[in-house]
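What follows is a single chain, given as structure tokens, in the form predicted alone.
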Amino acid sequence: MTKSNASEANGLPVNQILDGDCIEVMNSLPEGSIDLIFADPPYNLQLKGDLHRPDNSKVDAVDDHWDQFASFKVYDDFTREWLKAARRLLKPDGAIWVIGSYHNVFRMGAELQNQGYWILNDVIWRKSNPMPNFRGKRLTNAHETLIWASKSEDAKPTFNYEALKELNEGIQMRSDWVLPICNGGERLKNGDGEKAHPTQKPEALLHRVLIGTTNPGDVVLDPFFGTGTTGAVAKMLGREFIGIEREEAYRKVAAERLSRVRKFDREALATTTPKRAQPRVPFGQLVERGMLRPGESLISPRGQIAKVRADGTLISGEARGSIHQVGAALESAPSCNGWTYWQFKRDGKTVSIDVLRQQIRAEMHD
């Protein structure tokens, strides 16, 4: 049974947009059934009066009824209830992402901890093209904050470290992300040519979240679905999604958007896995299989020579031991990755011994 079919068999309405109040709908879904939740709740911006640009044109700000709360207490009660419903849905190793502005993210962060979630990171999404502060009374609001939290302190949530590293040109992904706001052709419009949703998130943001913290086939829930960015990216990346949205206009736009999305092929969905998750290959196996012969020379980056011994150890002068130990001794270093350190000669060319390890791993996979 595929993961998608398994989800359907467990009563999950995968790849659907559900109509209704997010708390009521979440409480109707099976407990412990969701891998990841991405939540972009109302920010409770507390806007007072219209906002105008220097040319006196009106700014299309967030003044919709769904962002109106009578008091901080009302908002906090709402936050407590939906986070409680969300935590019930998460699998034991599940996780949640919430996003907000200075108006609400600190209140959400406190409630996450109150309920037993375990905060893993806060991420600053720095907007490369933020809206200016037209009144000139405050700093330009150039970022939003995301909080990534597991269901509990003991949970082991998905984290595709190597995949995020590759997205960042081989450098460890940091907790400050510079991405543009949603604009241009990605910005959805309604029938009147106006923004379909005032706070539509860019697909690049969700792509990074889902690549980093889910795997193909995982079920991702968005309780504030809006125009469906989470669902669109989940579908492209081979994840299952469930969207909850009470506003009919947003559901209509999201459904039309999702109908145009095609899932990437299986090969394109594969992501770089951590080396520790790959099968372990002892260096001695290369000797056993004749890929390297006893007495053959290995060469260090500085041209030092070590001889391969029949038991899979090396000897170089007074240094002897594993490929890692001898490399560390020659470099006077506390440790050394022998697989990337040592090379050998074949047909006049210098080749890393790691090529031979990858060859064995490929055979094991086949």
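Residue positions are given as counts along the sequence shown, with the first one as 1. Only the largest set of C-alpha atoms that superpose within 1.5 Å between the two forms is called the rigid core. What you see is a predicted model; the values in this text were computed from it and never measured.
We do not show the form predicted together with a further copy of the same chain, though everything after this point is about it.
Contact residue in the predicted bound form, from G116, P279, P198, P92 (heavy atom within 4.5 Å of a further copy of the same chain): It is G116.
Within 4.5 Å of a further copy of the same chain in the predicted bound form, do D77, N215 and A254 each have at least one heavy atom? No, none of the three is in contact.
Does a further copy of the same chain come within 4.5 Å of any heavy atom of S33 in the predicted bound form? Outside the cut-off, so no.
Partner proximity in the predicted bound form: I315 to a further copy of the same chain, non-hydrogen atom cutoff 4.5 Å: Flag for I315 set to yes.
Do I305 and a further copy of the same chain come within 4.5 Å of each other in the predicted bound form, heavy atoms counted? No, I305 stays farther than 4.5 Å from a further copy of the same chain in the predicted bound form.
E288: touches a further copy of the same chain in the predicted bound form, heavy atom cutoff 4.5 angstroms: It does: once a further copy of the same chain is placed as it appears in the predicted bound form, E288 has a heavy atom within 4.5 Å of it.
For the chain seen here without its partner, which of 143-151, 77-85, 243-251, 189-197 has a heavy atom within 4.5 Å of a further copy of the same chain in the predicted bound form? Careful reading of the contacts points to 143-151.
Interface residues of 94-113 toward a further copy of the same chain, as seen in the predicted bound form [heavy atoms, 4.5 Å]: Result: Y102, H103, V105, F106, R107, G109, A110, Q113.
Core-aligned, is the CA shift for E296 between this form and the one not shown 2 angstroms or more? The answer is yes; the displacement is at least 2 Å.
How about D311 - superposed on the rigid core, does its CA move between this form and the one not shown by 2 Å or more? Yes, D311 moves 2 Å or more.
Relative to the superposed rigid core, does I34 relocate between this form and the one not shown - that is, does its Cα move 2 Å or more? No, because once the rigid core is superposed, the C-alpha of I34 moves less than 2 Å between this form and the one not shown.
What happens to the Cα distance from Q359 to N168 in the predicted bound form: does it get closer or farther than here, with a change of 3 angstroms or more? Those two alpha carbons end up closer in the predicted bound form.
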